[in-house]
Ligand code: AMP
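The chain below stands alone and is given in structure tokens; this is the form predicted on its own.
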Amino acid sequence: MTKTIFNPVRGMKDLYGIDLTKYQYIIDNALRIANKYGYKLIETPIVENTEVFQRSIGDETDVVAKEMYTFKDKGDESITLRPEGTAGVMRAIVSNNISVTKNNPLKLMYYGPMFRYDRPQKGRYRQFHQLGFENIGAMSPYTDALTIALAHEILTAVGIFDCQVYINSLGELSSREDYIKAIVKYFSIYEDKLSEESKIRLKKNPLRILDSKDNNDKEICSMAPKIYDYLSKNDIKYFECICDILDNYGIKYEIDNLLVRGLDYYSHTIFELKVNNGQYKDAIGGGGRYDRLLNILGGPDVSGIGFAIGMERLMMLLDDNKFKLKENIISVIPVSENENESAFELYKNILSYDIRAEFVHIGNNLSKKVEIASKLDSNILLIIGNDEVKDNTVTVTYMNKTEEEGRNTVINRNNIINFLKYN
């Protein structure tokens, strides 16, 4: 009978080994920085009622129209695997009656898996992980600038020093509506030359044409009206104040007049974070301000701003060599069954000091046990034979040393914990 091997579903992958170490490293740094900025952790369900995303993200967006995993449950309810985190957080605020006002803002952080039925490619998976932050309540240029600074600090903390911030403003709703009319008029002139996807967007979501990856579309977009020309005086003043604060922070940024985001709820400030070393051309993170999102889902009429970082994209940029285990991995090895009890007592004692160790007692002989310890990546062996039991000693073998370098040494068993702590 042929053995069946099951692989992960297309576009999904297991997190294991160095990838999982990187993932946890990013989260640990993010939690530390989040605490400094006053953010609290929230966890929302992986599935939500489909209407949560239809109302907030927008029916005409690519995410809702083409990418969501939506299905009927056994109660004939339409539910969706979350494609992003912000909408679920807003729903949770309303569901749990969490207090948030303009004078009492709420700062929340989340992380976990998201799902989009997208074409799998480098850094893009159908199950992917996001790290996200939401600051709901206060609307101020300082809040926007600090949110961008927070995202930048997280990337710097994990070793991404060549991050470039791209920012733009969509202005208030009336400004955006005037701008959409202008670009619809402009793109209608070139409709026959647009890609098939952009032709559809022209009818349903014209702003998204500006984000087209088609080279011909890009050329047409380069001459399109710029949203800056349609911003109100208050919009311009607000945006310029953000730029001044970022300058004061020393954060490098570039104003990108063609920058839009793929979700309908954005207004005013939007931004993306990219790495300029050529390793990955797409944004590894981004976000913006949303004025009506919480209210759309039944909450108070307050503004918010947030961002998310794509964990797989970020992990891909981190050097594997920095995440290989550098700590000592110790194996306690009895030479024969006669020494199992003595070796096991030593092993338990080592664990009680929170020192990482393995108890390698399976194997026909000492050579086999050493081979097993080597496969466990052990670099220090603590060998207990008959002589060691009689003399209350331990033979220490360094796997990465030669005989000339002092591969073996004998230590009194009473001193072994101090020895392990300082070697």
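The first residue of the shown sequence is 1; numbering continues from there. Just so it is clear, the model here is predicted, and its values are computed rather than measured.
Not on display, but discussed next: the form predicted in complex with the named molecule.
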| message | Please tell me which of 112, 123, 300, 105 lies within 4.5 Å of the named molecule in the predicted complex, judged by heavy atoms. | response | 123
| said: Considering non-hydrogen atoms and a 4.5 Å limit, which listed residue (137, 310, 171, 206) is close to the named molecule in the predicted complex? | reply: 310
| Can you check whether residue 283 is within 4.5 Å of the named molecule in the predicted complex, heavy atom basis? | yes
| field | 4.5 Å heavy atom contact, residue 130 to the named molecule in the predicted complex | value | yes
| request: Evaluate residue 176 for contact with the named molecule in the predicted complex, applying a 4.5 angstroms cut-off between non-hydrogen atoms, and reply yes or no. | output: no
| message | in the predicted complex, is there a heavy atom of the named molecule that lies within 4.5 Å of any heavy atom of residue 118, even though the partner is absent here? | response | yes
| field | Which of 284-292, 228-236, 93-101, 211-219 lines the interface with the named molecule in the predicted complex (heavy atom within 4.5 Å) | value | 284-292
